[in-house]
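What follows is a single chain, given as structure tokens, in the form predicted on its own.
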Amino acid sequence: MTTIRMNATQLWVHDQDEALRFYTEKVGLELKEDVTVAEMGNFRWLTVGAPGQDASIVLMAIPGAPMFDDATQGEIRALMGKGYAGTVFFSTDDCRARHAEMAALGVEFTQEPTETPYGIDCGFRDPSGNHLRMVEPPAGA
């Protein structure tokens, strides 16, 4: 059987530069790729990921016309703020300590670290309103 690996996931963001600062300066990810393609209307391929890991998050700007009109863009932004655009899950070896570090940097948390059957879990948002979760797996998991 051939293998398959997780390569990337995508989040819509309001402002790619703001998202890049958030994920690199507050979450602790690193810039993986930042490429602008002039032939595609200056489309910007911007990815971040955990140091030493291959999987990335593509920080995708909400496209404008002709793909989406202003009203549709507004609807997408509203749904993002409600968490409709999906959730990215991070893992850490110390959820409470990482929560404290990120809160001190101004990260908006939607849930404090909580004991669950799958570990210690908390929730937070990025500047675009995307829902993010951070889990410390139980010892021995």
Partner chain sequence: MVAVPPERHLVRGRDLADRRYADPELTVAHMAAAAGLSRAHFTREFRRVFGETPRGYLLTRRMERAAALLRHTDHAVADICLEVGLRSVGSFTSTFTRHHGCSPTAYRAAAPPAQVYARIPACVVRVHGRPRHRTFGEDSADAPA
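Because the structure is a prediction, the values reported are computed rather than measured. Residue numbers count along the first chain shown, from 1.
What comes next is about the form predicted together with its partner chain, which is not displayed.
Here the marked residues A78, F109 and D126 all reach its partner chain in the predicted bound form, each with a heavy atom within 4.5 angstroms.
Of the stretches 64-72, 39-47, 23-31, 79-87, only 79-87 has residues with a heavy atom within 4.5 Å of its partner chain in the predicted bound form. Within this chain, T116 lines the site of its partner chain in the predicted bound form, having a heavy atom no more than 4.5 Å away. Contacts with its partner chain in the predicted bound form, taken as any heavy atom within 4.5 Å, map to no residue of 25-45.
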